[in-house]
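The chain that follows stands alone, in the form predicted alone, written as structure tokens.
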Amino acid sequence: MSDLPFIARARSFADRIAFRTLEASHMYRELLERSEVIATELLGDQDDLQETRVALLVAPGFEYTASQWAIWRAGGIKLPICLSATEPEWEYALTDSQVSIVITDAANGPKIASLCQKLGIRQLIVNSVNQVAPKPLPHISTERRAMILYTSGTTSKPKGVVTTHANIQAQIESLVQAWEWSAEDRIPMFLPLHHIHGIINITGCALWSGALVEPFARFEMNAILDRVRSDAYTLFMAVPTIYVKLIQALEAASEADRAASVACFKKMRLMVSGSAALPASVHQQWTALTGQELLERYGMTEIGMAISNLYRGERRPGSVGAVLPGVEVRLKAENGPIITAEDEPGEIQVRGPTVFQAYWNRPEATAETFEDGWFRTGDMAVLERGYYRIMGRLSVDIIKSGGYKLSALEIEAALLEHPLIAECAVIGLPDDTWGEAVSAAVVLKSGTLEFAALRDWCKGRLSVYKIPQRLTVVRELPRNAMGKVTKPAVKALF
């Protein structure tokens, strides 16, 4: 029998509900039993999958997690793939990671069947796996590789981030401690399960703690607000785009519905925002509307979560907080020295047991991204009164204009205060005079916005060298599956 720690913990929660939908509930005992059946089917005549890559294309919920646990209990490496990706994107991930098996559910199976056939990959429809005589499952060391997650690939081909069972456990334990998870918690899960936010922060932490998860195929506003009004949840985790949509929905709702929703949001013990920068204006709007102070945190695929506002303590708008338990963080200046003083910007570098092992089959890329054992995140930040504030990606969010290093995120936060601007993305465009010109793409709430009027409005709110020099008004901003604006695609809007 496998002795992975998450299995031992699940046994202690055997009679608790792990997953609940309107149609059915599933206990932790059922997760253990079902994952053992699927693991047995995966193994066939083998005793151990020996790190065979197994892709997962299953809708969120009980069967997804039973399949994930089965891959791990059988000794495989899990590769979650995006349900809505294109066939070329699937093919890239499957071939790059040399997948041998794809587990699908009945609904998604036909979408990838021809590709599996073309690549000679075994396809296993999880719904058709029936009860079999269980066989002894292999002993799995926590130092074994457990998962490959592909980065979003905004600047180059996606890279496979390899984490071990020990890495995943460290990521989960850090958050369980910091955010005080317990078996009494209940949380909705509507974020993609090919992304660390859904896999680790929500499902991983919940199941490690014996908590209850309500899965949704996607963010279904009405269904989720109905459950909120039913007092279904103690925790809520989402991306900033979803909080913006919730604010709009609550403001448009009837007085009775709004009051009922707000009362239940207010009762939740914790609400978290992540995966993209949370504008301070949205943070403040949400607090004013619901009484809940959102907790913003910082992390990425390679490191899990590294920095978080405090669960018990200040949650500062515009800041991602302090270093999480078990994680080491330092800032390093572009010209080399380690930064020891506050208010000096530098690259975030991270070290500790949460940090990934390597990029799949990319030793050069792995070597380039580590410096003396510290992972170089490529994100710039500054430490202000003990809390980190993210300035943005070195490559796309730091604009070098007229000798200044400007934070695109800071300028975006200011522009979002404009009464006509609903969304915005700020980038640097090549400019003969300035090096890079501050350029803003905006989505309007209504009406029109003249460039000269915007520049006048910015005076007194932004230093003159931070005021946009170019403006384009668009219907929508290009975003990835997690709702992050893809800055390279924004350049094409100009």
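All values reported here derive from a predicted model rather than from experimental measurement. For every residue, the number given is its place in the sequence shown, counted from 1.
Although it is not shown, the form predicted in complex with methylmalonyl-coenzyme A (MCA) is what the next lines describe.
- In the predicted bound form, methylmalonyl-coenzyme A (MCA) sits within 4.5 Å of a heavy atom belonging to Phe219.
- Contact annotation: Arg461 falls outside 4.5 Å of methylmalonyl-coenzyme A (MCA) in the predicted bound form, judged by heavy atom distances.
- For Leu191, a non-hydrogen atom is located within 4.5 Å of methylmalonyl-coenzyme A (MCA) in the predicted bound form, even though that partner is not displayed.
- Residue contact check for Gly299: one or more of its heavy atoms lie within 4.5 Å of methylmalonyl-coenzyme A (MCA) in the predicted bound form.
- In summary, the region of this chain contacting methylmalonyl-coenzyme A (MCA) in the predicted bound form, judged by heavy atoms within 4.5 Å and restricted to 258 to 266, 104 to 112, 322 to 330, 300 to 308, corresponds to 300 to 308.
- With the partner omitted here, the residue from Trp457, Phe62, Tyr28, Trp434 that has a non-hydrogen atom within 4.5 angstroms of methylmalonyl-coenzyme A (MCA) in the predicted bound form is Trp434.
- With the partner omitted from this view, the residue of Pro134, Gly402, Pro353, Gly386 that lies near methylmalonyl-coenzyme A (MCA) in the predicted bound form is Gly402 [heavy atom within 4.5 Å].
- With contact defined as any non-hydrogen atom lying within 4.5 angstroms of methylmalonyl-coenzyme A (MCA) in the predicted bound form, the contacting residues in 458 to 494 are Val464, Tyr465, Gln469, given in sequence order.
- Relative to the shown form, the CA atoms of Asn309 and Leu462 are pushed 3 Å or more farther apart in the predicted bound form.
- Annotation for the pair Pro240/Pro468: C-alpha atoms approach each other in the predicted bound form, by 3 Å or more compared with this form.
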